[in-house]
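The chain that follows stands alone, in the form predicted on its own, written as structure tokens.
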């Protein structure tokens, strides 16, 4: 039984295969007549639309499930939920607050579990990001990916994925918002090098990709004022982009708070690939689902 809770649940070869499948336009209908449970504790337009369409394109039936319909760990344990869903669906994909809930579901080992986002990881976004980099630069040509902002779940999955493919990364965050030692070790174990700094200008030097995300993620709203102060020097603007390599691109997982983590000028510039990223969420979801269903079929 294979699960996808973080990008390094794949081997390097499997990651490359998933990206190849993601780029394919005519995959077999590997979910024909089968359902995929899409559990959303946290709402998301991109995630819901991309996953539902990916399932449909593979011939399956997506089932969107609201949190109140299950009551995980209030009405029914996470383990019981996944055991029940295994009788209806081929895959369970969940967008949750607590990564531990996904780990418990996966430990039940009754069906493949896919992480649509948790507090610790966003591997589906990382797949779309890597697919985008391959399309606009080439993964074997990119030298450095610079991340400016909060070292959050989006950063973690992207950094691990880049490291697996031998791409150098850098991360610039204000004090108290950078990666912890465990994060850094996981990125380095994956095979790549990482530069950590509190200076955005230093981080983007030599970068082919400049990436940022919102300063205040869902569930952190009470920290908004403090974070606005802490991150005030970390806006990606034209001056910062000028410090990156010629031909560099800007990326953001969206939604964007224009005027905070990125200026309108940058996000609307020819360097910006944010909508290609968003569209690639569907293609990378299709590739991942095709691979994970194929893994199940091989071992039945």
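Numbering follows the first chain given and starts at 1. None of the values given here were measured: they were computed from a predicted structure.
Here the subject shifts to the form predicted in complex with phosphoric acid mono(formamide)ester, a form of this protein not shown in this document.
J.: Check each of 247, 259, 33, 255 and return the one that places a heavy atom within 4.5 angstroms of phosphoric acid mono(formamide)ester in the predicted complex.
T.: Among 247, 259, 33, 255, a heavy atom within 4.5 Å of phosphoric acid mono(formamide)ester in the predicted complex occurs only for 255.
J.: Going by heavy atom distances of 4.5 angstroms or less, which of 263, 57, 44, 272 would be at the interface with phosphoric acid mono(formamide)ester in the predicted complex?
T.: The residue in contact is 44.
J.: Please tell me whether any heavy atom belonging to residue 95 falls inside 4.5 Å of a heavy atom of phosphoric acid mono(formamide)ester, as the geometry stands in the predicted complex.
T.: Residue 95 belongs to the contact set for phosphoric acid mono(formamide)ester.
J.: Is there a non-hydrogen atom of residue 125 within 4.5 angstroms of a non-hydrogen atom of phosphoric acid mono(formamide)ester in the predicted complex?
T.: Yes, residue 125 lies within 4.5 Å of phosphoric acid mono(formamide)ester in the predicted complex.
J.: Partner absent here, but in the predicted complex, which of 46-54, 22-30, 65-73, 239-247 has residues with a heavy atom within 4.5 Å of phosphoric acid mono(formamide)ester?
T.: Careful reading of the contacts points to 46-54.
J.: Taking only heavy atoms into account, state which residues of 265-282 are within 4.5 Å of phosphoric acid mono(formamide)ester in the predicted complex, ordered by sequence.
T.: Residue within 4.5 Å: 281 only.
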